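Listed next as structure tokens is one chain, alone, in the form predicted alone.
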């Protein structure tokens, strides 16, 4: 029983996960500093705002907690059957050996420091780039939006909202991570040999560690920290991600980036931050009660079935018209 509980809540003590307790504490500190020095609040009022009962005890927040528990249990059960990054890495590694004009370990004499820096940066950029596009597709493709709608149904944001996802969406993002890591590992070992390694802090990629330490948990919060305009062209601020959750039509399909805003800047989906205190969050076009667990888990499946059935009927009708 202890091992099961440890597995479920292990993300809070794992520095590779966003909700690691150290990152949460840094986020609390950053939020209080922001409220005092940039919003002119007293320490007492800052604490009250940060731990507002209307946020933390809301129906939406309670749903986040139960979804976290259920999804962690599902993840523990299915993770042994998911494809691993080493399988992908091995396949790509041997595929690269089959390309005759490529020379394996051709860069093995490069300084170890440069290899570590390059690998750390490459895997971070590729991971963030792939998150951007999968997230964008989640909004653009009706079948994927049926799943991602669960995340956007949150009416308030807390750090646990990051786990407010349908299990099938979780599998999609897990596969994405498996491929990005497998591609990175295979490519660098092929060219640089076995000296490939990451710059890490507490076992986490140092760039991801810095991102999480800088308050990544505040992205899913009611503390609308804004950056300078020029910096929001590079990094996604908490307020920018909060805009992403807004029901306002002007904010739809904006700020898909995870850590970096450069992808949004490059592909036309960037929106600079605004005052987020008056934001309304949720999924306005859908009147289902997304705070009910049965709705959160089963209605996306019914919606996907309806979409696929409708498309199948359309294809069937076209084929019949052609064969007549």
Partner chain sequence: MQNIGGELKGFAMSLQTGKYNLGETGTKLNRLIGMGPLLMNASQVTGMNSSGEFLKDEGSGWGEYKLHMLKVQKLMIDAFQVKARNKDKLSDMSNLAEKLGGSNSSEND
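Numbering follows the first chain given and starts at 1. Since the structure is predicted, the reported quantities are computational estimates derived from the model, not experimental observations.
One more form of this protein, predicted together with the partner chain, exists but is not displayed; see below.
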Distance check, residue 94 to the partner chain in the model of the complex, heavy atom within 4.5 Å: yes
With a cut-off of 4.5 Å between heavy atoms, is residue 226 one of the residues that contacts the partner chain in the model of the complex? no
Does any heavy atom of residue 258 come within 4.5 Å of a heavy atom of the partner chain in the model of the complex? yes
Is it the case that residue 86, even though its partner is missing from this view, gets within 4.5 Å of the partner chain in the model of the complex, heavy atoms only? yes
The partner chain is absent from this chain, but in the model of the complex, do 32, 40 and 55 each have a non-hydrogen atom within 4.5 Å of it? no
Along 133 to 152, which positions have a non-hydrogen atom within 4.5 Å of the partner chain in the model of the complex? 135, 148, 151
